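Okay, so here's just one chain, in structure tokens, the form predicted on its own.
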């Protein structure tokens, strides 16, 4: 429960309300994490917030978190400049099933800031590209200005070995991309549903309908994994704030096989 003190090495603006903090450490092993895990970030005098790790697991000495400023703690973190200090606890939680995905097509589906928890998995897959079949990224944002990692997405697209579709809910006349919900992109993606594994992160309603679309494409719910976020306060399954049915998201998640939590997706007000 005791956070370690880290110094902000760099800060990057991603969108109007989203930013990235980079923390450097002398001991790389001390920061080792698996794609999909999260840390508790502590803004002194304000409190803690659970934030997914969005950096490259191959560079554990460079701890990266992309954060949307939406509450008291995240707004306090948004005020931190290089040289400022914050507390860190973690890493916690389960990881994306990258080992199980080897030799198969991989489909990443993200909504909004949900791309941040998927980014470490995408980076790992691209670093070992020959170990996987076709790789697809389907990403939805509110507007073109809300597209996360826009420059990096352009670099990924330029590689030629990952299929990327981006859509927005609303756009002006200068937008030349897709407009509509991200679930519509499933029909356009080129993957073998019978031999694919999907990883989803975003609003729960988005993930629910994405699972339906993937099922229509022929993918089994057993091959779908989702990342959940629920008001995590302690990160050690002690406080109960993140209980989800019989599960504690901080301990048993945040990454779950969809079939393990499917019944709770449809439970009203859970």
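Numbering follows the first chain given and starts at 1. For clarity, every value in this text was computed on a predicted model and none was experimentally measured.
One more form of this protein, predicted in complex with a small molecule, exists but is not displayed; see below.
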Next on the checklist: With a cut-off of 4.5 Å between heavy atoms, is residue 233 one of the residues that contacts the small molecule in the predicted bound form?
Outcome noted: yes
Checklist entry - Though only this chain appears here, would residue 113 touch the small molecule in the predicted bound form if you measure heavy atom gaps against 4.5 Å? => result yes
Next on the checklist: Please tell me whether any heavy atom belonging to residue 229 falls inside 4.5 Å of a heavy atom of the small molecule, as the geometry stands in the predicted bound form.
Outcome noted: yes
Checklist entry - Is the gap between residue 51 and the small molecule in the predicted bound form 4.5 Å or less for some heavy atom pair? => result yes
Checklist entry - Which pick from 181, 153, 95, 73 sits with a heavy atom within 4.5 Å of the small molecule in the predicted bound form? => result 73
Next on the checklist: Which residue, 207, 224, 67, 63, is the contact with the small molecule in the predicted bound form, using a 4.5 Å heavy atom cutoff?
Outcome noted: 67
Checklist entry - Picking from 120-128, 166-174, 73-81, 133-141, which part of the chain touches the small molecule in the predicted bound form when contact means heavy atoms within 4.5 Å? => result 73-81
